[in-house]
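Okay, here we've got a single chain as structure tokens, the form predicted on its own, with questions on binding and movement later.
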């Protein structure tokens, strides 16, 4: 299946869902609280914002200006509706942009935020390419799929080797950040409810509708099968992996 077709089907599958991946507001705010030295009105860049659940949480809990970027117009349109509904047009700017080629000058932001999206360009590439955009002493917060325990069962190891072979341990990611000019401030696991209640439960309810609407489409059925397999992996092996929130400060 071509990438464009896969993205089209994933957009349809997630239509109307509040989140496009695991996460919850509590974890977003926990990570934000670790950014202790932000200015009163920080400039924030949310990279790979999707439909913007975390964008809205950041806006509700800071007095800053947020630039939210993503490549998928349908996701940005959903975020725009919520921004207008909440009267946040003056504080949230929505931009269609490629995270690999962000169109901003150096030292533009006090905080770069990216939940569940840095893997698209690679953890190390993100740490390197986004660093110049952060002001000296500013912060980078990302959530990234990470191994929590050594020696995972072969089944889940094979699953991630196929889907994200670059996935590493928490310690390996912290070491990579230090090597690229970041000071680790804190890190923590996204709790299981951020996967199950906030994402998989709603996605599981959506899947039968998606299957029925695409009953004659083998590509769509394949996406549904892939999604159910992913959910099964997490239900059985969540002790071995998950999202880790990493809070880094630019070391200068």
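A quick note: this is a predicted structure, and the numbers were derived from the prediction, not measured. Numbering follows the first chain given and starts at 1.
The form predicted in complex with a small molecule exists for this protein as well; it is not shown, and the discussion that follows is about that form.
Q | Proximity to the small molecule in the predicted complex (heavy atom, within 4.5 Å), stretch among 44-52, 30-38, 213-221, 184-192 | A | After filtering at 4.5 Å, what remains is 44-52.
Q. Which one, 97, 167, 133, 88, lies within 4.5 Å of the small molecule in the predicted complex by heavy atoms?
A. Flagged contact: 97.
Q) Is the gap between residue 126 and the small molecule in the predicted complex 4.5 Å or less for some heavy atom pair? A) Taking the distances in the predicted complex, the answer for residue 126 is no, it never comes within 4.5 Å of the small molecule.
Q. Just to confirm, residue 198 within 4.5 Å of the small molecule in the predicted complex by heavy atoms?
A. Residue 198 lies outside the contact set for the small molecule.
Q: Please check if residue 72 has a heavy atom lying within 4.5 Å of any heavy atom of the small molecule in the predicted complex.
A: Yes, residue 72 is a contact residue.
Q: Answer with yes or no whether residue 242 is in contact with the small molecule in the predicted complex, where contact means some heavy atom within 4.5 Å.
A: Although the small molecule is absent here, residue 242 would stay clear of it in the predicted complex, with no heavy atoms inside 4.5 Å.
Q: Spell it out for me: taking the small molecule in the predicted complex, does every residue among 16, 203 and 207 have a heavy atom no farther than 4.5 Å from it?
A: Answer is no for this spot.
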